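Have a look below at one chain only, the form predicted alone, in structure tokens format.
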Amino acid sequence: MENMKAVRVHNYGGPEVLRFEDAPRPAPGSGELLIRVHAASVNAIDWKARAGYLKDVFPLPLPFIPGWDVSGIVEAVGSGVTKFKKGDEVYARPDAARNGKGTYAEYVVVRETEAALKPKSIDHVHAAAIPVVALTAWQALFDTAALSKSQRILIHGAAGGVGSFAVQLAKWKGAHVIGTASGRNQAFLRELGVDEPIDYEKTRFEDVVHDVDVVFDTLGGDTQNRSWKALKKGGILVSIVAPPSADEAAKNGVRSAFFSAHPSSSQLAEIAKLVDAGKLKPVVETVLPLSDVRRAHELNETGHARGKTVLKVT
């Protein structure tokens, strides 16, 4: 069996447990693609899996390769694959939880239903920054909250990976966007298209935000608890970090939802069109080589990144 370079986790812990080493190169099965990885980006789910926080949700076989974002070139296809061929430039959000073989590697196998042709107008580094955060924002805003034109939405963590895509997608839909971020990111929020930026270091958002149709919670905790007051009757709070209280929702006459994003080839194809049309722009703050993965995790764990950290593999 051929080997490849990959990052593996042999035991749960801090960034120091990430090992850049040789690992078996995977082969595509029926309905699968083998992708030569050019770039993979870092998401909160990566370090949460590494630390062991998710082992009760989806047990990963140790050692496992983290990574849920990839952009690269199809190296080979398995039987039954009809939409892709060798040499295609693709990006994907594979379900790494199914076998513990994620995207922090020179090669990764993904299902045909998890991949789409990457946006033509950007390179692999920027394409790799898109799948997880864009699918999360898309599914939260449109599939779950049914956000529509002229509605008002409050987006927490609007300068982050998911938040920055949520802002752009909400603006594309024609919504009025209110976004929270730190003082250093206020100008950045305006660049993204936020109509009402709020500096959470100076202003308590619930003092100035009322009657929104949707709250998109990317932070949880106290921020989520204070968000009920910002919603209008019949509005919805959607969280991607912690299940909102059904009692609080009922007490405030609103709805709530908690969800995790799922792979979608068709939605990635739609997102690629928006990127190529100039409607969506991935925000990459830091690019590091795969061998510097520990530093990448340290940066992501601060929770204060603007946009994404990307691991360049090729």
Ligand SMILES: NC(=O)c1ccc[n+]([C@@H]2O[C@H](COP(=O)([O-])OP(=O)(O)OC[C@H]3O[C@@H](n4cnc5c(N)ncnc54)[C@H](OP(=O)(O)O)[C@@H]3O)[C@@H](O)[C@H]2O)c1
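Quick caveat: nothing in here was measured; it's all calculated off a predicted structure. Residue numbers run from 1 along the displayed sequence.
Heads up, the form predicted in complex with the ligand isn't pictured, but that's what we're talking about next.
- Although the partner is absent here, residue 151 is not a contact residue: none of its heavy atoms lies within 4.5 angstroms of the ligand in the model of the complex.
- Contact annotation: residue 279 falls outside 4.5 Å of the ligand in the model of the complex, judged by heavy atom distances.
- Contact annotation: residue 81 falls outside 4.5 Å of the ligand in the model of the complex, judged by heavy atom distances.
- Within 4.5 Å of any heavy atom of the ligand in the model of the complex lies no heavy atom of residue 144.
- With respect to the ligand in the model of the complex, the three residues 163, 181 and 223 uniformly fall within 4.5 angstroms at the level of their nearest heavy atom.
- Just one of 261, 34, 65, 275 comes within 4.5 Å of the ligand in the model of the complex, counting any heavy atom, and that one is 261.
- Listed residues 127, 159, 194, 110 were compared with the ligand in the model of the complex; 159 is the one with a heavy atom within 4.5 Å.
- None of 102-110, 229-237, 151-159, 70-78 except one has non-hydrogen atoms within 4.5 angstroms of the ligand in the model of the complex; the exception is 151-159.
- If you take 200-220 and check each residue for a heavy atom within 4.5 Å of the ligand in the model of the complex, you get 200, 218, 219, in sequence order.
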